[in-house]
Each structure stands twice: as structure tokens, then as C-alpha cells.
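In C-alpha cells, the next block holds one chain alone, the form predicted alone.
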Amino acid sequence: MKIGIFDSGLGGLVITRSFINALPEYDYIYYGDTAHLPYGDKTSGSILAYTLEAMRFLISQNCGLIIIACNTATSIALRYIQQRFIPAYAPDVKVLGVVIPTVETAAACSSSKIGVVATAATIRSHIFEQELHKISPAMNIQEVAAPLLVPAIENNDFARAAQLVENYAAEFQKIDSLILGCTHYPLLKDCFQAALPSVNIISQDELMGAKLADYLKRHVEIDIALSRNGEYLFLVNNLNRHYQHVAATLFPGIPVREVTGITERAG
């Protein structure tokens, strides 16, 4: 059984790298739904439908553990997938998200006021606020939607993205920590830190590798079922040159492939 990772675009590759850096011996399949990005401006119904399609695909690829490396999909679809879809469709498969590990890390910082910057859909769900308040009900949380960041990143317009970061950062008021609540945003964490120099930036690429290692240590029954050949496969359903370039930068020598159904084309 392999470890599957799903995202709508480039952000998931950054999280995948953190997994592979921490646990390089496992076999990974990454699937990016680049045909439908960005998810942040989609309806909840569309996000759920796209995420379910991805789950079916990764399960068909023999993934026994799947991480939804997309905060938007996690906020909208994870609970339904864990409680309804997986028990009926593939009860031996485990599906995890990226929000809870991030919230645990943020809460451990003991900040009195935490900011969250994320896509519009994630902010509408208030998932970070809800989960943080489960740990610390009195915590002061400020949420800011940043709907323009993912399109700028996916269009390789990092100059515009940097300017947008300054604009969004200016909306936060006296926060101690800032959660980058989208897996694309680690690509801009230096920009956020420059805009908010006294704020603790919580970037998911820096914590997810250790969180996965801890999860597998605590769930031996899952760990022993996972294959360890050090094989990595990166798939998307709409391939472009920018995506190829980013993948080649993060994972030199490993091609990204376009897949439609069961037909793949090397990039």
C-alpha cells in the first residue's frame, strides 16, 4: 500500500516534499487536480465532487493512506469522506487532512491572538477558528481571505503575489502567530515574514513531515501495511510548463505525468 497525496495544484508538491524529506523510504503517489484549480472560489458541492473523484483515483492506485494536502478540500470534504464515503467505499483506507496538525502546532505556541490567511472557501468554513477554539476557547482569532494568491502563484506571477501578501498582511491587527492556511502559501512564507517581522509564521511545509512520522509511529497497524521502495509518482490531470518547472525544481529527475482515467502521458 502506498501513501497518496492530493491537492488542487502546486501547494501539494511542497507538502509532498516535506513528507519525502522526513520519510524517504515510503512509496508516494501525488495527484493534483490542476484542471479545476483554484478550489478556493468553487462551491462546496463542486469541491466535494472533485475531492471524491480524487479519492477514488488514489484508492485505485493502491493507496492505503491518503493525505488531503489542500486546506480547502480538507475544510469542505474531509468529514464527509471519513464518516460516509470511506466506510462504504474502502473501509481499510485511512484519509487525513492538514488542518488538525496545523492547529495543534499553532495552539502549542500559546499565542493569545492567532491570524489565519487562507482561500475564501476555507475562511467561509471557519474550520481553523472552530478547531482552535476546541483547544483554547478563549483564543482570539482573526481570519483573512486571500482569494487572489493562488491564481498568482499558479500563473507564476510571484511579483504580484508578493504585493498581494503585503496587502493581506496589513489587514491583521496585533497577532502573535499567523497560520498560512493554504498549502500554496509556503511558497510565499518569506514574503509573509517580511511583511510581519515580529509574527510567528506557521507554514505547513515545516510541520507536516514530522506530523506524518508521528502519526505512523502511533498507528503501527497502518505503518506495517505501507510499502517501502522509495518510489515516487507525480500525476496531474492538466499539465503545463509552469507545473513541470516547479516539479522539476522540487524533485529533480522525477517527471510529472498527465493522467486522464488510466491513461498517462509523461511530461
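Given the structure is predicted, the values throughout are model-derived calculations rather than measurements. Numbers for residues come from their place in the sequence shown, where the first is 1.
This next part talks about the form predicted together with a small molecule, which is not shown.
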Segment that reaches the small molecule in the predicted bound form - one of 101 to 109, 137 to 145, 70 to 78, 85 to 93, heavy atoms within 4.5 Å: 70 to 78
- prompt: Pick from Val199, Leu37, Ala54, Ile202: which residue has any heavy atom within 4.5 angstroms of the small molecule in the predicted bound form?
  reply: Leu37
field: Val150 within 4.5 Å of the small molecule in the predicted bound form, heavy atoms
entry: yes
Non-hydrogen atom contact Leu178 with the small molecule in the predicted bound form at 4.5 angstroms: no
field: Partner contact for Cys182 in the predicted bound form: the small molecule, 4.5 angstroms, heavy atom
entry: yes
